[in-house]
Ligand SMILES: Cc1ncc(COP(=O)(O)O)c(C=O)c1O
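Shown next as structure tokens: one chain only, the form predicted on its own.
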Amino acid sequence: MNPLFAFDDAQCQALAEAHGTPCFAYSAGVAEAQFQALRAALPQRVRIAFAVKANSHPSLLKRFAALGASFDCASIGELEKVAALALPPQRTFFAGPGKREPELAKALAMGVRIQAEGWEDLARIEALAQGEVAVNLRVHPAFEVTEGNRIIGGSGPSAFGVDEEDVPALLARAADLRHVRIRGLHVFAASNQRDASKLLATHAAVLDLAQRLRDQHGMVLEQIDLGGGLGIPYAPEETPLELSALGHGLADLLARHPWFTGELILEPGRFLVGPCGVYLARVVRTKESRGTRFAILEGGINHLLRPLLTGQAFPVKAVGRSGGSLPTTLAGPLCTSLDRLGEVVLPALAPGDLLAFGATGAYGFSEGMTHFLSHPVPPEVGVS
């Protein structure tokens, strides 16, 4: 089977006939295999916290919970979905740059670990807390982040976290709080990175930052959250992340920092669920326009926004079709010229042909503009 697609042509055809198109389908088996491979490669002191923003489908959350995953939530909606799993509170983290008081109150009531983004988070938690609350502090580092596309935003001005140079003053200010105790560090500094050596260089920089904050400012560190950024291929020529190199490298980093006796946390989202999903949509019409061949599909950026944001198309195949290869611009049904899913090479297409987009288990449905122009919301199908 093509590793870029969780389902073969016969399965895609059966899913389309059973559930209609457009639709998303997720293979729980592929998601579990991704988790198990990562878990086996990592040192035991590294906790896997699935980034729910990548895909919050209940069947996937339940599968990861059964496998022992923790969860990284970035909204009250995600918190509520994870709360339905009835997990111990220490298996949930709550992040996000704009937490409102009701959201913080919900997180405190659940007893989850809050990733504080700045003084406002600390002050609101202080006002809401009934007893002592341990939080992690998100820091925006001065070193360069490793991302293929501008998703995190580089090391320049950022809405996320506390700038590294401002941390000492914040720690001094937070020392006067009665209820809040900063007990961890959170640094998210990579995005869709498939080079283990680059990920490890970032992780090494985070641990060095943690040691400086500990040695120079007395920061107590029970947890160091390294964020996510574990990448996946989106094209045949792209190589997958070498998990053994990542695991051995993290073990070496822990050995080089014997002062740190707590746990490391990784927040993979895309890596765990990206490969498990396909998006199925049929061709509505085709046309030639001034030398460009278009295929207009049932769904567009209302369902798959990533190509517009990153300039990279999802892998796509014409189900049950072979032979011929024509440059084709894939357009959606929306009344905007921005509705493009990529310029790809496919067999000659006709109305009714079924296309399957691979690696759409992450940042597909969860990132789409499903209410734009009020087109029907596509179903999500969990396949066990």
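Note that this is a predicted model, so its numbers are computed, not measured. Numbering starts at 1 and runs along the sequence shown.
The following text describes the form predicted together with the named molecule, which does not appear among the structures shown.
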Specify the contacting stretch among 221-229, 176-184, 82-90, 251-259, defined as having any heavy atom within 4.5 Å of the named molecule in the model of the complex.
221-229
Quick one: is residue 188 in contact with the named molecule in the model of the complex, heavy atoms, 4.5 Å cut-off?
yes
Report yes if any heavy atom of residue 268 sits within 4.5 Å of a heavy atom of the named molecule in the model of the complex; otherwise report no.
yes
Does any part of residue 24 reach within 4.5 Å of the named molecule in the model of the complex? Heavy atoms only, please.
no
Using a 4.5 angstroms cut-off on non-hydrogen atoms, would residue 139 count as touching the named molecule in the model of the complex?
no
State the residue from 63, 53, 57, 317 whose non-hydrogen atoms include one within 4.5 Å of the named molecule in the model of the complex.
53
Checked 206, 95, 295, 107 for heavy atoms within 4.5 Å of the named molecule in the model of the complex; positive is 95
Heavy atom contacts to the named molecule in the model of the complex at 4.5 Å, residues of 62-78 in sequence order
72
